[in-house]
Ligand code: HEC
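What follows is one chain in structure tokens, specifically the form predicted on its own.
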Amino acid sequence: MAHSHKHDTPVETGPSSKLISLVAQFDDPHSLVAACDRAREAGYKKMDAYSPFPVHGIDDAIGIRRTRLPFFVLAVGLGACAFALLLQYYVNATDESPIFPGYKFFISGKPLFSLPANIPVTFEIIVLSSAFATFFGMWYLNGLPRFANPLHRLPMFRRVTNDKFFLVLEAEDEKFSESRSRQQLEEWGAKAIEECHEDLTDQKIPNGFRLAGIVFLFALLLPPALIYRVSGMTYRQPRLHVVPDMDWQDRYNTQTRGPNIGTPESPRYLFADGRAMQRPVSGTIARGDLTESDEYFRGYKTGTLPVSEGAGPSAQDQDGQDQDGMATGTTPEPEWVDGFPEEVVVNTDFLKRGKQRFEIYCVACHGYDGNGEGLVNQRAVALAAAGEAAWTAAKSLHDPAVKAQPIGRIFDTISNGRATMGPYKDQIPVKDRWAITAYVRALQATGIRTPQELAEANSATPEAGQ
């Protein structure tokens, strides 16, 4: 049975606020698609659906039509073609206009205007205009820009990026009736329904925007005014060169002798061998690329990496692992550090940074509490159970085997991957990887149980689950 979701803070209604939609919450994508089908069959046209991940079939379910944007871009492109040809004719083949006159180019008896010669510029203007038409046309067709989205005020709607699904029926739809639409949403399986009100003051243009727009329009008038002012004037001095080096500088071509910066009689080259290209000085390292500390950059103590395994821990861990990802002993591991390197200072800000990076890169599979129940993992496990995909469940960070691992090994897992988990060292800087490691240790210290432990505890003490 559906029910109306209460606001954490009351939404004001009155002259400055109006009802714009009903927002219905659903718990899974299948019920959302089914509700969208029912809404389309009932005649609703102004509606939208929201989900934390793409849902196949949702476009057809809400009746999305083909966009008009290609026709808009085509019209702009044709207009740009005509404009480009007329502009080139005006500036190159006429000089009768008293304002910004053109200049007739007489070149080797060729005609003043020839279509093939003007195609490249025409093509570029068509491409540029079409790009702008696509960008701004998309804004217009989507009703943008907007200074505020009233849906963001609904506490219930915040879970749309996590684990809930929403159908929005707009009040502007001719089929919309607050009481009837609410009843229909309940019949279609909505778990919660909430009214969405728009504060009319949100659509007012801020005064700063108005002032900036006026200043911008006046600034656009300056270039043509300055061009017109100097168009009929002559100067004895050459034009101003703001950066002279861009006009007069030596060029270096690859695989050639370098330019002579001396005189023809006494040549002098930048490098002693006279070559334009030089090999890097032996033994030099680019600034910021020195990774000398094994403890900080790799997570193990210097000199403990097995000599026979020169490829590093990520290579040796491909084999010789048990089901928990721990080494079986067939392949020796380095001596992992069991504390944070001296370059790492663990404090509140560092843990906050680790939490932020964890929620970006890790939560999708491991979940917010680290139990391995992230949305991607849940979805993949469901598909695997249905025989539609192959998936290895994400590891719980509270598993005893994982909690027993040294800090350096957890850092190495984040950096180089392990078992079915891929590496992240190319996406995450080394300091952020240590921050994530610190946050993982903090999560493990909370004592959260794994799903298996919770199940065993509930089965041992039935009253605990009641």
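Residue numbers here begin at 1 and follow the sequence given. Small disclaimer: the values here were computed from a predicted structure and weren't measured.
The form predicted together with the ligand is left out here; the points below concern that form.
Student: Since the chain is shown here on its own, which stretch among 433-441, 32-40, 45-53, 58-66 would lie within 4.5 Å of the ligand in the predicted bound form, judged by heavy atoms?
Tutor: After filtering at 4.5 Å, what remains is 433-441.
Student: Verify the flagged residues Cys362, Arg418 and Tyr424 against the ligand in the predicted bound form: is each one within 4.5 Å by a non-hydrogen atom?
Tutor: All of them do, each having a heavy atom within 4.5 Å of the partner.
Student: Quick one: of His197, Lys395, Lys164, Arg298, which gets a non-hydrogen atom within 4.5 angstroms of the ligand in the predicted bound form?
Tutor: Looking at His197, Lys395, Lys164, Arg298 one by one, just Lys395 meets the 4.5 Å heavy-atom criterion.
Student: Could you tell me if Trp391 has a non-hydrogen atom within 4.5 Å of the ligand in the predicted bound form?
Tutor: Yes, contact at 4.5 Å.
Student: Can you name the residues of 402-434 that have a non-hydrogen atom within 4.5 angstroms of the ligand in the predicted bound form?
Tutor: Val402, Gln405, Arg409, Ile410, Thr413, Ile414, Arg418, Ala419, Thr420, Met421, Tyr424, Ile428, in sequence order.
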